[in-house]
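Form predicted on its own, single chain, as structure tokens, below.
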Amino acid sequence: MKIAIIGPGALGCLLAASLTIKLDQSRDVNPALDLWLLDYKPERARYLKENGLILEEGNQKKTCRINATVDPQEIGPADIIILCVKSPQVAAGLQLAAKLVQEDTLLVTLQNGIGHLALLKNRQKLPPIVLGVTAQGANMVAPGHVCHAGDGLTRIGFLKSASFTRSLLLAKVCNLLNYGGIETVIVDNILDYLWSKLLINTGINALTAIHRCPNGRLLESADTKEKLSAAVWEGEAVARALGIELADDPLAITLDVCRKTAQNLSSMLQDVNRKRPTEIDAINGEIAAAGRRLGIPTPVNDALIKKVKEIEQAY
């Protein structure tokens, strides 16, 4: 089985290192696994190929060798493509993915927000899409050095109905991720879980980026907690108007995530710290845009979007 992970950021490196280290320890599980990291920066790909990956978990650091390249032809047709780029890079990532597709390829997407959904629906020459939602926490310490900041369940499921053959392949992907230490389940209603994760990100990410603080700090101030609550409530109103099934209380879940990941730095805060484009449009921006279409006011999300964009413009 050949797996190509597009994007050697925090999540891409976490998946690549976890799978490689586990399988190196027991090659009899899948001796034919061929795993690649596909980058767009030649110098970084060369560094990863020469130096490998470092996976930091607690007080332990593990290293592994990795195949890394910027050339899809060097990889060849892949059985599984896992797209781990940020939302602003999804279009470019899909162009690379199209060069790796064969007849029974699966494309697994793992993005925050829902901004990538329109791109996936409108792209030609793509295999059946598997949407993924993960609660895994990871931070990049340096190129090729990822810190596993927290465990959480990963859910995957088809965007549309798929053949029996591809369903079997998805089951293999699920088993492989579980063996690599990434707890994963297959679900039928993946869009509902995508929205549930969106609401969590809506409440946490922008506020941590604006206040430059870890997740737990948002609960220490009445002002930030109030804004977090209002942002999630606005998102919940939009989701329910769209017919999204939200099994639990989104605000309670978001507050619980804040407590459990108190020391974590959100992906949007990491982007701001590194002066990179954020995923504000794919998260709070999608809530605001849907609210306008539905006639549902989203003043708190509008204000958060404006502030994050001001931060980006000041880079």
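Model, not experiment: these values are computed from the prediction. Numbering starts at 1 and runs along the sequence shown.
Keep in mind that the form predicted in complex with a small molecule is not shown, yet the notes after this line are about it.
Although the partner is absent here, V257 sits close enough that one of its heavy atoms falls within 4.5 Å of the small molecule in the model of the complex.
In the model of the complex, no heavy atom of Q111 sits within 4.5 Å of the small molecule. The small molecule in the model of the complex comes within 4.5 Å of a heavy atom belonging to T261.
Remark: K227 does not count among the residues lining the small molecule in the model of the complex, judged by a heavy atom distance of 4.5 Å or less. The stretch from 238-246, 99-107, 145-153, 199-207 that comes within 4.5 Å of the small molecule in the model of the complex, counting heavy atoms only, is 199-207.
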